[in-house]
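Below you will find one chain, with nothing else, as structure tokens; this is the form predicted alone, and questions on how it binds or moves follow later.
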Amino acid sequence: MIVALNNKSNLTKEEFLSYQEELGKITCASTMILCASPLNIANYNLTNCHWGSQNVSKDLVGAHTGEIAASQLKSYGVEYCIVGHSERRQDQKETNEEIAQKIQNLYAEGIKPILCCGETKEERESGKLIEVIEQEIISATENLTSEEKDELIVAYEPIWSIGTGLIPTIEEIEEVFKLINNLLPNTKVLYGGSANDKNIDELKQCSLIEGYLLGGLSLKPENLKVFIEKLEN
């Protein structure tokens, strides 16, 4: 199992150091990945987590003010990186083409991408679910080698579920996971979107889920500890 933690744009330096101390007390048999705010990457100091980033530049090192290149992440020991999160697709207007380039840049530095995909409520209700997921997956992976596709991690996050406390039914999750597994047979697929310590028992009923991408829960070590205990027992 994979448990990826997305802190998003949270935690000052002092808050992160305290948070990290609490996170270090959690026993986790799964692969736990901490994707902190970019400014806190330099403060990583844990033995029970792998290091991750929330984003990477579509460009290489050079005259790209404010961007963080894949080689720079690598120099700080980053092993994983989230790409294509719905918040960046919406807020920063990231395109499928830019996301595909980011994935290639990460692989060039030996960093494993965690590709996010998901539909809005309107897209689901209008019957565009399969079209949206297929487009996001295919456009991001069409130029990858078979080995790179196998190493890719995909996180399915229904956009309408993120931060709402609502989750799809097990049948709805299985529908999307089967679609992704058909497109990428050897790729690990995670679930994200309001997963927490209260609904993990329900989510565990879906045998296709190979891990979780956690947002709000990642900021609450005590609740996260309960989540992991329920997940692994």
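For every residue, the number given is its place in the sequence shown, counted from 1. This structure is a prediction, so every number in the text was calculated from the model and none was measured.
The protein also exists as the form predicted in complex with 2-phosphoglycolic acid (PGA); that form is not presented, and the subsequent description refers to it.
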- Just one of 97-105, 124-132, 81-89, 68-76 has residues with a heavy atom within 4.5 Å of 2-phosphoglycolic acid (PGA) in the model of the complex, so point it out. 81-89
- Could you check which residue among S57, Q54, S194, N40 gets a heavy atom within 4.5 Å of 2-phosphoglycolic acid (PGA) in the model of the complex? S194
- Item | Sole residue of I111, L152, I137, I162 within 4.5 Å of 2-phosphoglycolic acid (PGA) in the model of the complex, by heavy atom | I162
- Please run the contact check for G216 against 2-phosphoglycolic acid (PGA) in the model of the complex: heavy atoms, 4.5 angstroms, yes or no? yes
- Verify the contact flag for E119: yes if a non-hydrogen atom of it lies within 4.5 Å of a non-hydrogen atom of 2-phosphoglycolic acid (PGA) in the model of the complex, no if not. no
- Message: Would you classify K8 as touching 2-phosphoglycolic acid (PGA) in the model of the complex, given a 4.5 Å non-hydrogen atom cut-off?
- Response: yes
- Item | Contacts with 2-phosphoglycolic acid (PGA) in the model of the complex, stretch 36-65 (heavy atom within 4.5 Å) | none
